[in-house]
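Okay, here we've got a single chain as structure tokens, the form predicted on its own, with questions on binding and movement later.
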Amino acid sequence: MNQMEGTRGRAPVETAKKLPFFAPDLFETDRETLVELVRQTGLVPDQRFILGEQTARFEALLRDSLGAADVVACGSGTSALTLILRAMGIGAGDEVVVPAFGCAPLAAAPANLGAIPVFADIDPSTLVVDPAAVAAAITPRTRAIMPAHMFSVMADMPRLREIATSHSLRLIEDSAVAQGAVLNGRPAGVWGDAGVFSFVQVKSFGGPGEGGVVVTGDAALGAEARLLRNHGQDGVHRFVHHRIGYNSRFDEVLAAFQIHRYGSFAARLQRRAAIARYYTTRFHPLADRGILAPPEGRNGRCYYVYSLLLPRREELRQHLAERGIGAHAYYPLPLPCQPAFARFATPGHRWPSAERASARSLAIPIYPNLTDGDVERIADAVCEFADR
């Protein structure tokens, strides 16, 4: 493998070395800093462990870097979706169009507010929601469209923005996995009326804990989300509740740690992109043997997860496991086929591309602290399987 920008150096291929799918040492180089931030937070005179000065600094950092009107830090990416929907007044009987393939909160967030998730099929190669399927799913009861960026590809936000605008619908951008991605010069998270990020440790800007943010260009929407995240309090008058809200507050240690790591975020993204570029070079020739790599390029790409599509998924997973390489099958059932959401599925309707993705998608390691030797070994193992 050619030396790549952001690499930690070449290491010899070691067949005995385990390469787990989820890296166990993501924060190893920052361990001492994290411990010190815990100590400092515990000694702050006002004893603000949540929604304090560090949270405000973190919100401002993201707001300014994205050019947003407001960034509201909250308990998780899932909470962020709930806060957005609630702030928009979406509730009982309203319909929200969501992808049929993706993470459970896409359907759970509207359902928990009494709204109805309406499932649209995905593009068979990019695995993001198909704009034509979204347009076909709109009814007089539709209030919002909620696309999600998936694995390493951003959804077609320009087309989805057109659809939302032409139908006078809200556009909510689930960019939980896509922080740092840019489409046509515009960052993920700011294409819709509001967007979200998630900071679960395995995300591209993950941290050592649970957390998320609402991102919006609408200051009034941001103010409403800010009110809802803390039991409806405005942050000025404690124990005065203007709304029935939630406990979705952001941790000061996590805020300080994310501020600390923000300066190296671009380098980590660059490393992920370099690994993906190498994988794609190795895997594109495998298409005639039934192994499909994600679409290549950098525009609208985030490389949070690098997922292959193939009919013999379990065989490849076993092949990799025998060589000490972890792999992960995301979303083995489309959302409308999940027991929790089956009642929202249109009887007799099928989502063939989502069903195919659920049966054939297998993700391989792409975290930035893989060495060049690690990446070569993973690619070699996949190619060996294809040659069998």
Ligand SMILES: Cc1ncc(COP(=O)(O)O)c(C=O)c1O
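The first residue of the shown sequence is 1; numbering continues from there. What you see is a predicted model, and the numbers here were worked out from it, not measured in a lab.
Beyond the structure shown, there is the form predicted together with the ligand, which is absent from this document and is the topic of what follows.
Scanning F341, W351, Y331, F58 against the ligand in the predicted bound form with a 4.5 Å heavy atom cut-off leaves one residue, Y331. The contact residue chosen from T126, S204, T78, Q233 relative to the ligand in the predicted bound form is T78, the criterion being a non-hydrogen atom within 4.5 angstroms. Contact with the ligand, judged by heavy atoms within 4.5 Å in the predicted bound form, is confined among 283-291, 175-183, 233-241, 153-161 to 175-183.
At a distance threshold of 4.5 angstroms between non-hydrogen atoms, V200 is in contact with the ligand in the predicted bound form. Contact annotation: G222 falls outside 4.5 Å of the ligand in the predicted bound form, judged by heavy atom distances. Residue contact with the ligand in the predicted bound form: L254 places no heavy atom within 4.5 Å of it. At the 4.5 Å threshold, heavy atoms of P105 reach the ligand in the predicted bound form.
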